[in-house]
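For reference, the chain that follows is the form predicted alone, supplied as structure tokens.
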Amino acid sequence: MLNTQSLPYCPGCGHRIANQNLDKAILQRQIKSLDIIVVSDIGCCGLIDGVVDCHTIHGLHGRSCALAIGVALGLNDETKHVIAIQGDGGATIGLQHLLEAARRNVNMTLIVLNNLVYGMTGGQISGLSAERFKAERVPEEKDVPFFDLVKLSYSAGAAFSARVVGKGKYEEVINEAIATKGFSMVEIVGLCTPYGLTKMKELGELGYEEIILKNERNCFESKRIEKVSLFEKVSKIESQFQIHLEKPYKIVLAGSAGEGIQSAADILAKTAMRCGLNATKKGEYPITVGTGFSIGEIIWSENPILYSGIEKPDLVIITSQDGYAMMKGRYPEIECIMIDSSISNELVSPKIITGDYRRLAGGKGATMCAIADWLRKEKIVPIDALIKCVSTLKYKEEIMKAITLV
């Protein structure tokens, strides 16, 4: 399963040994790479994504077990092996997910790499840090017990719960965990040489018990229920115009939050659909939502669109300084740039069009004003298709005014 022996961990890191033992267990079981789904977590444990040849999903901190539950129940296939990997920090944050997977006895394996600290953020203690280890670092925590994951997992109903102190070979324990039908949890206690312990002897003195506990119970199986697709409730956009595109056309709208960038991107996608094209739309904006930049990415194509990312835009429309700041250095090549005349531009493109869009239509109407100007100049799709799309909207009067100003 490992595609390299040059693993991205610090010298002496316990994660390296854990990865190698997992690889040996996979080889012993002769599991094909495409039958393995590794769901990783935030932290050093998540570095496994780039060194394994199998399906991978990278989750939010503490959520890899929850994601893996969804994958396992969705697949509902005994020939597939779902393996979640998280650190002691992620296990602390997502403890309820572990308990839920154990309670239901979901058919998956969770490997917890416990190096006693949040290694990627500087060595803070976690809920799995032993009392003796904490005593010198955080004295007020010295009498606070750590979560015994093995006993918690077993008590919640897991089919297989184990702990190993990660020295040398323990692939047989991982092998048995993967072979077990139902939920398996293996806690691997190991070293973190920069922030945790650096010697196995020290680790052995902390009192972590190597143990295996088993429950004999049926594995949880999901049942598929046929329901009416949610898409049945979505109004279909009928094709009313016919155009031909020689290749996919990729558009980026860049402006400020609250100025209708995402709405404009939606309108462009629906305009393409009215022309019989396939379309995708992606939005990007900061967590503040109402302030800062806003970016919309739209792709038009006569053929199905299998990847919605844009690396080389055919058109970038920039209507605010926030949007311009986000475009600087974002794309090595841009075929055409349309930019508001109020912005001092240093971006390079074979074709640059400037317009007084903000002055004419204000901040909220500038992007739609620029889109209409572009369609009238370039005639990629009929302007009537855009007008038809806008005519169906709730706030059509304001938008219609913006697109008729140029």
Partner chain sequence: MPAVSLIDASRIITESCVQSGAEVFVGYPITPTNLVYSYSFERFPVALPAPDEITTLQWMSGFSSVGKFPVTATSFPGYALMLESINMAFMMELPMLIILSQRLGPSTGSATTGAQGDLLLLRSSISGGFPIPVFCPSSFEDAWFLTHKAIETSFKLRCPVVLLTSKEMVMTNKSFDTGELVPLKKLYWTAPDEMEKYQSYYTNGKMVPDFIPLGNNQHQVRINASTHDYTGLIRKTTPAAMQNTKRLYEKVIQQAKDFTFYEFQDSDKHDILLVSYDITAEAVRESFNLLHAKQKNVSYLIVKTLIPVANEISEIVSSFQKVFIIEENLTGLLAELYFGNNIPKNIFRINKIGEMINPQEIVEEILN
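Positions refer to the first chain, counted from 1. Keep in mind the model is a prediction, meaning the values are calculated, not measured.
Not on display, but discussed next: the form predicted together with the partner chain.
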Margin query: Check Val71 for me: does it contact the partner chain in the predicted complex (non-hydrogen atoms, 4.5 angstroms)?
Written below: yes
Margin query: Under a 4.5 Å heavy atom criterion, is Gly59 part of the interface with the partner chain in the predicted complex?
Written below: yes
Checklist line | in the predicted complex, Ala257 touching the partner chain (heavy atom, 4.5 Å) | finding: no
Note to self: Is Lys223 part of the interface with the partner chain in the predicted complex - any heavy atom within 4.5 Å?
What the structure shows: yes
Item checked: Option touching the partner chain, based on a heavy atom within 4.5 Å in the predicted complex, out of Tyr249, Phe147, Tyr195, Tyr285 -> Tyr285
Notebook entry, point to check: in the predicted complex, which of the listed residues (Ile343, Ala66, Leu347, Ile380) lies with a heavy atom within 4.5 Å of the partner chain?
Noted result: Ala66
Next item on the list: Go through 97-105, 163-171, 205-213, 127-135 and give me the stretch that gets within 4.5 Å of the partner chain in the predicted complex, heavy atoms only.
Entry: 97-105
Notebook entry, point to check: Are Ile352, Met400 and Val406 jointly within 4.5 Å of the partner chain in the predicted complex, each by at least one heavy atom?
Noted result: no
Next item on the list: Just give me the residues of 32-57, first to last, that have a heavy atom within 4.5 Å of the partner chain in the predicted complex.
Entry: Leu34, Asp35, Ile37, Ile42, Asp49, Gly50, Val52, Asp53, Cys54, His55, Thr56, Ile57
